[in-house]
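Here we start with a single chain on its own, the form predicted on its own, put down as C-alpha cells.
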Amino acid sequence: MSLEKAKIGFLEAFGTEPAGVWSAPGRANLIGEHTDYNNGFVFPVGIDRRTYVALSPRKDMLCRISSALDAKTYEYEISKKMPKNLDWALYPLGVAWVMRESAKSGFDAYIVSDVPVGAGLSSSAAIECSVATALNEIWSAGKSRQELALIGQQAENEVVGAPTGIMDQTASMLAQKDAAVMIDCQSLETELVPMGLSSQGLVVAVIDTRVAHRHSDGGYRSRRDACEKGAKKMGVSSLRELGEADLPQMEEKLDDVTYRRCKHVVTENRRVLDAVESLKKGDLARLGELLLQSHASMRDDFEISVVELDTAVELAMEVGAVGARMTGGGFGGAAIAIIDESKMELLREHCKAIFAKKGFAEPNVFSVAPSEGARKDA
C-alpha cells in the first residue's frame, strides 16, 4: 500500500518516522480540454490513483525531497533563490517556494505515487496538492482548499514553466467520491455533480498509450498563444466571452489555424455545460455523444491528438463504450471511456492486440473510480 510505502521510504531516507502522511489524487478530465486557461468550463473527476507524501518539519530552513521515483535527494533552502536543476522535484519544492512567506521551518519529505506519469492524469497536480496540503498543516498557513489549488498552479506556471490552467489542482483538491467537479475557471466557482456510475455497473476506463507528453514543451504553449491571439483580435479579454453565435465572425476575422483553435474552445465550453446537464438527467447516451464530439474537435480543430489516442477511442467504441475521448493536454497520454465494468477485460485485450498489430507500444488499460480530493491519511 502506498501509504505504508511512504512511511517506510521516509524512515529509510531520513532515519526517523514522519510527522504525518498526506495524499492527493490524479484526475481524469471527463470533458473540457484547453478551456481552463481561457476562463472557460471544465468537468474533471479525482481518481483512485494517488500521490502520498510523508513529511516532517526540520529545525532549519532546508527542504529535502526524496522519492521512490529515483534514488536522489533534492535540496532547497527557502531563503535562497529556487534552483532550476531539480528535475521532478521542481513540482513539490516549487510549492514550498510559492508558500515561502508562510514557512516556519524547512522539511524532509518522501513521495510515493501510483498516478501514471505522462498519461494526462495530472501526476504533477497530485504531487503539488499533497505537498501543499501537508505544508498548510505543518506551517499553520490557514489556506483554503481553493487557495492551495492556486498555489499548486503558480508553482507549475512560475517554477516548472508549464503554462497550465487551474483545472488540475482544483480537481485534485476538491474532488469527491462518485462525483465530477464542474469548475468555472473564470469565477472559480465549483459544483459537485453525482455521476452514479457504480450503481449502473459502469467505470471510467483509462487507456494510457504510453506516449509520454510534457506540458512545458512547445505544442501546449503554441495552442495557448493562438487562443490569446484570437481573443485579442476579437476584442475580448478571453474566449470565454464568445459563443457559438460568434463563430461566423471569428472565421471572417481570424486566419484558418487561429480560427480552428478558438472554435475548439468555444464549442468545448458548450459541450461541458451540456455534459453537466446530461449527467444530472441521467442521459448517458447524450454524454457519450458529447465525449466523441470533444475528441473530434481536439483531433481536427485543436490538433492535439495523436494516432495512438485516435485508435484508443475507436477501440473503446468497438467494444461497447458509452463514449470516449482523449484526456489531458494532448500530444500523447491517455484516452478515457465510460464503459460497463464487465467489458474491461475485453477492452484491455482488444487494445493490446490492435496496438501490437499497428506497431505501437503496449497500452496500459485500467479503470478508475471518481474519488475524494486531498487529505491527511496518517
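These figures come from a predicted structure and were not determined experimentally. Heads up: residue numbers just count along the shown sequence, starting at 1.
Not pictured, yet referred to below: the form predicted in complex with ligand GLA.
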Report the stretch among 309-317, 45-53, 327-335, 341-349 that approaches ligand GLA in the predicted complex to within 4.5 Å, counting heavy atoms only.
327-335
Can you work out whether residue 167 and ligand GLA are in contact in the predicted complex, taking contact to mean some heavy atom pair no more than 4.5 Å apart?
yes
Heavy atom of residue 220 within 4.5 Å of ligand GLA in the predicted complex
yes
Is residue 32 near ligand GLA? Define near as a heavy atom within 4.5 Å, in the predicted complex.
yes
Does anything in 34-50 come within 4.5 Å of ligand GLA in the predicted complex by heavy atoms, and if so which residues, in order?
34, 36, 37
